[in-house]
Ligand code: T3D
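So this first bit is one chain, no partners, the form predicted alone, shown in structure tokens.
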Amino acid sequence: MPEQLIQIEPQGQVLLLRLNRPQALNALTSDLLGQLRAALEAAAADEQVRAVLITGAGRAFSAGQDLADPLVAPDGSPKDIGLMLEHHYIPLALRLRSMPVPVVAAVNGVAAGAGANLALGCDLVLAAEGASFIQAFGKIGLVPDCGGTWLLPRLVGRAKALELALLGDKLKAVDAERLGLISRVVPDAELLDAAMAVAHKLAGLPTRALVETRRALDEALKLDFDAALQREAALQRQLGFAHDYQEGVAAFMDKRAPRFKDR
């Protein structure tokens, strides 16, 4: 049996995925990335899953790419690291960004390199007070990947993105929150409970509308104001015919809890 590098823990309508190489600070290997992508694919196909929560086992979220992985390990000859990205990181980043349910990251320790950008690619990022984020790529002669070049300037602006990427300094969780890089910082001992509460709250909301909101915000970055307005109108037209809009309004008028089901 292959080693279980992703622990899969159903929690009602939330699926908890835990990176499971604690002895290596959850450094990313091709096998781990493959298992994580497979778990996300299964969650996307499971109508019972309405939110996903990703965290790390042990004292780290992820130390980034494991440089001992045969696909990237220096061995005296040139390495086509692009193959690693094409086969593993790009499909994973695209799967994460196109999930049909919200995805929350609970960063429980260091999140470095691709591990940091894996977390930042989630919809909401909560971090423990003792967590930190490091764009370590420049220190080994590479550029940010796993979506980092796209995510960083959109989250914190070009100047701060360049500072983080060029210097590669450790960013404390509280500073990451101040910059707008992440959503929230909580005490270390409360992280998983807080992140799970957020995931369960998302699971109880109209999933399809949440996902369309993510897509609309991402697309709006490429549109002018008029086009964004038209995109909003098109989405509202679609969602207005869906069950969850009718249910949400009915529940509001009846002063009861809604029962959303669209995905």
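All residue numbers refer to positions in the sequence shown, first residue = 1. Fair warning: this is a prediction, and the values are worked out from it, not measured in the lab.
One more form of this protein, predicted in complex with the ligand, exists but is not displayed; see below.
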> Among L120, C122 and G147, does every residue place a heavy atom within 4.5 Å of the ligand in the model of the complex?
Replying inline: no
> Would Q23 show up as a contact with the ligand in the model of the complex if we use heavy atoms at 4.5 Å?
Replying inline: yes
> Do L192 and the ligand share at least one heavy atom pair within 4.5 Å in the model of the complex?
Replying inline: no
> Any chance P102 has a heavy atom within 4.5 Å of the ligand in the model of the complex?
Replying inline: no
> So, in the model of the complex, is A199 in contact with the ligand at a 4.5 angstroms heavy atom limit?
Replying inline: no
> in the model of the complex, which of 106 to 114, 155 to 163, 93 to 101, 173 to 181 comes within 4.5 Å of the ligand (heavy atoms)?
Replying inline: 106 to 114
>> Between A45, A68, L221, A234, only one gets a heavy atom within 4.5 angstroms of the ligand in the model of the complex; which residue is that?
In response: A68
> Even though the chain is shown alone, can you say which residues of 105 to 143 have a heavy atom within 4.5 Å of the ligand in the model of the complex?
Replying inline: V110, A112, G113, A114, I134, A136, F137, I140, L142
